[in-house]
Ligand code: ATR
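Next up is one chain by itself, shown in structure tokens, the form predicted on its own.
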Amino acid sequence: MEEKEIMKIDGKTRLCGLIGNPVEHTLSPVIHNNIADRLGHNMVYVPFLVKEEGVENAIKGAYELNVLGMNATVPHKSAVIPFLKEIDPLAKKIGAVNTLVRVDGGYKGYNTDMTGLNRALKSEGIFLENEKVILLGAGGASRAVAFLCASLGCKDVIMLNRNYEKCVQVAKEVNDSTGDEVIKPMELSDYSQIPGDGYVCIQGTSVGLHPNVEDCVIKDMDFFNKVSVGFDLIYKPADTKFMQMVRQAGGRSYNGLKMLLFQGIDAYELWNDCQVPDELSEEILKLLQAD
């Protein structure tokens, strides 16, 4: 995709942005500004550094300034919730919002991280409905994925975590919300007790992030023989140790860049009430890969 001159700003330009701390590293402007340019939408997207104590003022101020919509990133994904006008049911269950959509009197919160993950998986031919899933980790990202799995009707979800008590707590939260024992907590060291094979494994910890690129939550090939598809939420590095081990065991592996792409596209579509064409999604993905 050739670089183009960004659309000129005038009195009808709509503003969207990202609130977080830090925000300097974000790739979101690459997604949104290029989509707006290609689709001819008079919209610009910019990052806003917002400290923890400024979240309420930022949301109220954005509404008064006629800001069309915002993304929220760490550490504000839960902090924004008390200041929303409405919240989507999935985001409410997860307890985290990353997309704010302007409505009458304020903003409605969504979690497009999870819809983006589902869209990324589907784009690779992976459908979580009735799948057997292994979740690595019980932190915020894995907790959100657990809610997604439960909402999509996964057949069986095993959550592995070093801190077993935390794992039990997250599993209980998700299972109580669905009324079904979908999430099964297990201590990380007991991975050999996982029955059978053919699992979709989603890596939701920070293990393997730069500079610790040779780290992996589990390094036993017997575990990876149980995995048919591995999806690492990390996208830098693009090929994590987890992904390498999935492939060594004969499985398919993917990083989190498409999740980043589709969470942005889902947000863009909510703000602008439109659909982003698949061919444009592919072009934006290439820009992200080149960044």
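Heads up: residue numbers just count along the shown sequence, starting at 1. Treat the numbers as computed from the prediction; the structure is a model and nothing was measured.
Note that the form predicted together with the named molecule isn't included here; everything after this is about it.
Note on contacts: among 138, 97, 149, 202, the single residue with a heavy atom within 4.5 Å of the named molecule in the predicted bound form is 138. A single residue from the set 123, 73, 78, 206 has any heavy atom within 4.5 angstroms of the named molecule in the predicted bound form; that residue is 206. Though the partner is left out of this view, residue 115 does not reach within 4.5 Å of the named molecule in the predicted bound form, counting heavy atoms only. Contact between residue 155 and the named molecule in the predicted bound form is not found at the 4.5 Å heavy atom cutoff. Residue contact check for residue 217: one or more of its heavy atoms lie within 4.5 Å of the named molecule in the predicted bound form. The closest heavy atom approach of residue 189 to the named molecule in the predicted bound form falls outside 4.5 Å. Of the candidate stretches 106 to 114, 158 to 166, 177 to 185, 84 to 92, only 158 to 166 has residues with heavy atoms within 4.5 Å of the named molecule in the predicted bound form.
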